[in-house]
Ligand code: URA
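Presented below, as structure tokens, is a lone chain in the form predicted on its own.
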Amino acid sequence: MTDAADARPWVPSHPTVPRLKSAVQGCRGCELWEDASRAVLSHGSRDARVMLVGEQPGDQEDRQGTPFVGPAGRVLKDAMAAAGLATEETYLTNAVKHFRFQRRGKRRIHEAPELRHLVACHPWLEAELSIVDPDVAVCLGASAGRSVLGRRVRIGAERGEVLEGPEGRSAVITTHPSAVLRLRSRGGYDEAIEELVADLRVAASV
């Protein structure tokens, strides 16, 4: 493992999305690369109005190399459609590019990234924001909010509002679709979907 404090040594000096997708596979900015199958960068339009930022790849994303292709991704895409947010005007990525997990037998169980992982991976997100330059960044969950806004966020208190992020970029905080998905077996799922759709409508209107 490298002693690097973050991913800056691996981020291309003149980045484009294809260059980032290639370079991120060699990133050794933290230890998460050791167990993950691959780094997962992004999917979507270079000219997107809206950048949606999640926490990290999940099991299916790690296997396929594309963000939001698992069950939570399907929840997100359904919510985007309900909010009138066209896929061709969005760019999907994550705050952390490698899957962090614990092994339980043959299963790989999601484990939330720590602050040090968000910090280590932030140069990749910075490069993506500079290239895509979206009108608004949608922070899906607290980890994404921390990475985009550079501070702790309170989803319940701040969701659905247009906030000002670094360099004057607009941001909207909402819950992560995986948190919505977990409510299917607990109750409150329909209400959570409605709230997610409402927050995405706010982002679409920016």
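Residue numbers run from 1 along the displayed sequence. Model, not experiment: these values are computed from the prediction.
Just so you know, the form predicted together with the ligand exists too; it's not on screen, but the next bit is about it.
The stretch that touches the ligand in the predicted bound form, counting heavy atoms within 4.5 Å, is 65-73, out of 166-174, 146-154, 43-51, 65-73. Interface membership of Thr90, defined by any non-hydrogen atom within 4.5 Å of the ligand in the predicted bound form, is ruled out. For the stretch 140-159, the set of residues having any non-hydrogen atom within 4.5 angstroms of the ligand in the predicted bound form is empty.
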